[in-house]
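Given next are two forms of a protein chain, the same chain in both, each as structure tokens and marked structure 1 or structure 2.
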Structure 1
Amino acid sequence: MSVEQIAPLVRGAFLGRFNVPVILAPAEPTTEAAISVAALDELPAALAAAELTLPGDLRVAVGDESHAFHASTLGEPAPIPHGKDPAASAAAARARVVVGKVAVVTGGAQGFGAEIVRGLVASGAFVYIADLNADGAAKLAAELGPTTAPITVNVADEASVEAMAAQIAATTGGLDLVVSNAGIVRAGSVLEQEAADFRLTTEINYTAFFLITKHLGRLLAAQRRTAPDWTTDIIQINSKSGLVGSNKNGAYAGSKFGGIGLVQSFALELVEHGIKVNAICPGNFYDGPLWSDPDRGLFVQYLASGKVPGATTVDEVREFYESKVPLRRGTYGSDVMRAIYYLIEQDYETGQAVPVTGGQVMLSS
């Protein structure tokens, strides 16, 4: 046993307790050991129970070996935010890139869209909650307060999208961020799926992104004529199914793959208007209604259809899906928010598709 074995456990105890990076330096052994254990295996539990101060000195004895340490920080690092709460994403270092900005989130009434609305509002943006579900958008706007406004829109209908752009221009003069999030899933075998379901999926997930970019892009381009250095963002919420195929879900995956083609093409064209166009490809949002709705969610559907062999409860179905993810959980709204902040802050990137999948899909080309 040596200091190389003891010091990382001691540093880990400070990291775990204070959630900031720590420098654990050797110190003069001026005091009696505060922690004394017989074997290295007992050290983690003793450290968990110990009183730690930062900065502070700590002397640790393991068997007949004893080491003294001084724990300190370089500067005053902020605690590193974790978790699914919008407050956690608002505490992210890059969150300030949306403070005071005007954003529109399509499909903002529920699911990922509502998470993005909450995250943007918590980070200090004004957000239009644009959704076909007028009641849902109005309810969320009422809950979140005066830095939100509901807009009723059908993103697959050009006149409706055009009217939304006019409403935004008349209300806030324009905007800084478009999050094209509204989307649907109509899963089904290619041998059996109704063409109407295929077309509907394509209209909402693919064609609507063209309509959104056309009409809101015009607004962003018009602003740029008198603000030649003001950069704006269009971000498409795509999917991991835009990067790899999805069995018996071709309409969805095809619409998402196509979305990436649009993102790349629009990015090339809109550079001259100071508009960056990027996609975020999230993994499955297991906490959202698509998966967790107690009546119609995919977990109950997959349980009923026996899609997961041997699963007898909703929790077992969920565990099966979580185990496919290297980071062992579904995607949170706050994970997507961090990618949004990155894409906005990063002036030197456009036309990209950023995976947020817990390692489930890795880029290969």
Structure 2
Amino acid sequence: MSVEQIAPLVRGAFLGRFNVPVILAPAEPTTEAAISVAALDELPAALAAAELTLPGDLRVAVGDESHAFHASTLGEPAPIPHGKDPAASAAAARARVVVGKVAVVTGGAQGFGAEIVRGLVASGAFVYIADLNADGAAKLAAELGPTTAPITVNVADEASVEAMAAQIAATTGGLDLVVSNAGIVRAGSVLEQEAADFRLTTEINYTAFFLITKHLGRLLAAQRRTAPDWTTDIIQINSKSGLVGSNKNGAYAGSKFGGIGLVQSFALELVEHGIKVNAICPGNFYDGPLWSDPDRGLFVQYLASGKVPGATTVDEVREFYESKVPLRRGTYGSDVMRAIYYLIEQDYETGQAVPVTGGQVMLSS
């Protein structure tokens, strides 16, 4: 039995017993195993009967495989109220919902991803910064400190995503929040765009969300076996282009529309494992590299593709897009963070696509 199979069950036992987020780190082996079972299926019952302390050490043997763990909390997380608990109706600070939790943010080294990482860390979470840009992830982790860890991952490659899940299980025992943020844009007319750009956009924005949910969802489901009342979250950072079409940007909009279909379908399936699956559909983050990069940013791409009739400069393209927003600005990282906190805090919502667009896209019946 590998540590990634054992650790989520052990972490789940602590979650279920103490009702607070737990960091389950590898520990030095002790002389005797506190729990010893012949097969993995016997472990949940053994954990339910075990004496657990927090913080505390525990050694677990499954067959010939033995692992030692140290369970602790990050900061001082409060027990998480649910359902009819009166505390669930209290108007506590919304950001408190992530104190002590373990999160992973894909595409976390730059743009919206980096904004989300910063917000979660500032609110007391431990955050894996998962990105193909290894140097960028390591630089951000060094800046933000010991409650972060960089992970190099190609979200469109299943072996890479599977390895990320194994690394998370071996390092913290599991996690509580998945923010699937990694994405790309390849704008262009359907009459002219290369099929390779269309496929790449689909792989990163659509197929990768399937892979992320498959492998990290397995960790969340394993924890649930020993923590039957613990709720976890998968949040896809989608786009307003997942709600309305986008002119000369069909590859992107199509992948985002498809992502919402996955969100709704995964929500229906994973509810039995206590996993809520939702999407946030932000408006345009004009100050991030996706839009403002001087070489590959969308302002440059849209100017070159003629998407904005009559525009001759990047500034004119930006003015055109800002004029479409009733609140007259682009989306900020803080706007998205408030939506993330809402979706985590809200026990009674799954399968939703929440627009954060300054009024540019409004839901209709």
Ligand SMILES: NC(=O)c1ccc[n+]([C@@H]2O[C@H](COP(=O)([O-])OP(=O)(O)OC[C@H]3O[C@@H](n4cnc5c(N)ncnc54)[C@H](O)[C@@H]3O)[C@@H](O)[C@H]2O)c1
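Throughout, rigid core stands for the largest set of C-alpha atoms superposing within 1.5 Å between the two forms. The structure presented is a predicted model; accordingly, all values stated were derived computationally and were not measured. Each residue is numbered by where it sits in the sequence of structure 1, with counting from 1.
Novice: Identify which of the two structures, 1 or 2, is the form predicted on its own.
Specialist: Of the two forms shown, it is structure 2 that corresponds to the form predicted on its own, while structure 1 does not.
Novice: Superposed on the rigid core, does the Cα of A71 end up 2 angstroms or more away between structure 1 and structure 2?
Specialist: Indeed, A71 is displaced by 2 Å or more.
Novice: Comparing between structure 1 and structure 2 on the rigid core: C-alpha of D293 shifted by 2 Å or more?
Specialist: Yes, D293 moves 2 Å or more.
Novice: Rigid core superposed, CA of A311 - does it shift 2 Å or more between structure 1 and structure 2?
Specialist: It does, since the A311 C-alpha is displaced 2 Å or more between structure 1 and structure 2 after the core fit.
Novice: How much does the C-alpha of Y302 shift between structure 1 and structure 2, in angstrom, given a rigid core superposition?
Specialist: In the core superposition between structure 1 and structure 2, the C-alpha of Y302 moves 5.1 Å.
Novice: After lining up the core, report the Cα displacement of F320 between structure 1 and structure 2 in Å, one decimal place.
Specialist: The alpha-carbon displacement, core-superposed, is 2.9 Å.
Novice: Rigid core superposed, I'd like the Cα shift of L43 between structure 1 and structure 2 in Å.
Specialist: That residue's C-alpha is offset by 72.0 Å.
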